[in-house]
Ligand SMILES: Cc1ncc(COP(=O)(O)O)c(C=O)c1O
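Just one chain follows, in the form predicted alone, and it is written as structure tokens.
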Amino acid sequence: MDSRAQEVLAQVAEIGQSDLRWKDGRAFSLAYYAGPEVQEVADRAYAMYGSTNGLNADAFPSLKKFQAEVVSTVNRWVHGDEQSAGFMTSGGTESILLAVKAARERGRREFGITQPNVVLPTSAHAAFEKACYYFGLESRRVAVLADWRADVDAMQQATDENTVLVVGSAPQYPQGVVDPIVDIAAIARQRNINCHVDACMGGVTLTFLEQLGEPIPLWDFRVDGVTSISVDLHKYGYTAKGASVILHRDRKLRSYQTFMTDNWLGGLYGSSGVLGTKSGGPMAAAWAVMNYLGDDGYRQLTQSARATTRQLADAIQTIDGLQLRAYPDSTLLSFGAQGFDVFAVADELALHGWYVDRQAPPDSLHCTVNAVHHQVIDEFIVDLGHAVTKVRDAGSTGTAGAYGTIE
């Protein structure tokens, strides 16, 4: 490597010095870390294929192999069968966009629906709003129950002859609880419409928590009526960013996701997702990490993350003034405060190098707990207690900022 290249790379490294120390477990959001060995596997595999193009599998049969085997593994995790089919996508947002697009297309082609709507709880991810906005569907949000789970009766009442999709989450992001997927899917089955399960956060953890003996409510393709599932691998799969999977119960349902045209001078053009050109790096990294860890590795990582989540949830319930929104069903939790500003607590934690998400309504702090946090959770709990004491004593007001993230 010549001196100029070394200089540029040194600048790249220097620019990132002020970024979150996510590998140290200081961030309870955005990044996931299973240790240096897993990270090296992901980084090296990504670098090998980062400049390849997943648009054309004929030119890069390696990417076809990576994608097929990654999708097959996820299909096994979610109890799909030989009829189930899917693709890799760039992330949970793209997977959700495609689930909504597929439902719209099915409604249009099979039932002649021209003014489609989606019925979903207020806890369902914001990407569904993006999808409805992009693709011209009405979003019918239904308030959740007191336990933050979807109100199935209200969802049933919100459906009509133009409903093409009902949505459940496993778990939903804001409070970390699993919706009653069996009952939501029953609505879809009765109306012969699509039911998407957003398991972007839980598709890996719920699979292995069940294998570890935890009582997990049914949420996957074992549920009659579920037509598609999204699972992010760059979250609790600990692969490089840009890797998610969307699975459909059968190939016909998958066909509504894809796009084909010959209405230009370049010949037949086909695309499985929103992106045309897409790097093969995330595909290779996902394949490499999933083969490196295997089911045994994922069980261990899931067990660690779940134990850490329980430890944090139990500690929050002992800190005077904090209110756990719900006891977490997997590895996500949120909490609020009574008598003081919880966002001020986040500000105080930030002074000690901790990053947590702020969300509303209601005003809450959110923690996405993953494997890296087991080594720092004791320190975080101590700092959280000190932050609460300082805020309560000072009567501080926090900075609300933006809720969630902007991609």
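Start at 1 with the first residue shown and count on from there. All of these numbers come straight from a predicted model, not from anything done at the bench.
One more form of this protein, predicted in complex with the ligand, exists but is not displayed; see below.
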Listed range touching the ligand, judged in the model of the complex by heavy atoms within 4.5 Å, from 92-100, 208-216, 271-279, 140-148: 92-100
4.5 Å heavy atom contact, Tyr173 and the ligand in the model of the complex: yes
Can you work out whether Asp232 and the ligand are in contact in the model of the complex, taking contact to mean some heavy atom pair no more than 4.5 Å apart? yes
Does any part of Ala185 reach within 4.5 Å of the ligand in the model of the complex? Heavy atoms only, please. no
Classify Asp179 as contacting or not contacting the ligand in the model of the complex by the rule of any non-hydrogen atom within 4.5 angstroms, answering yes or no. no
Of the options Val71, Met201, Val223, Val78, which one has a non-hydrogen atom that comes within 4.5 Å of the ligand in the model of the complex? Met201
Considering the ligand in the model of the complex, which of Arg325, Arg104, Arg254, His125 comes within 4.5 Å of it through any heavy atom? His125
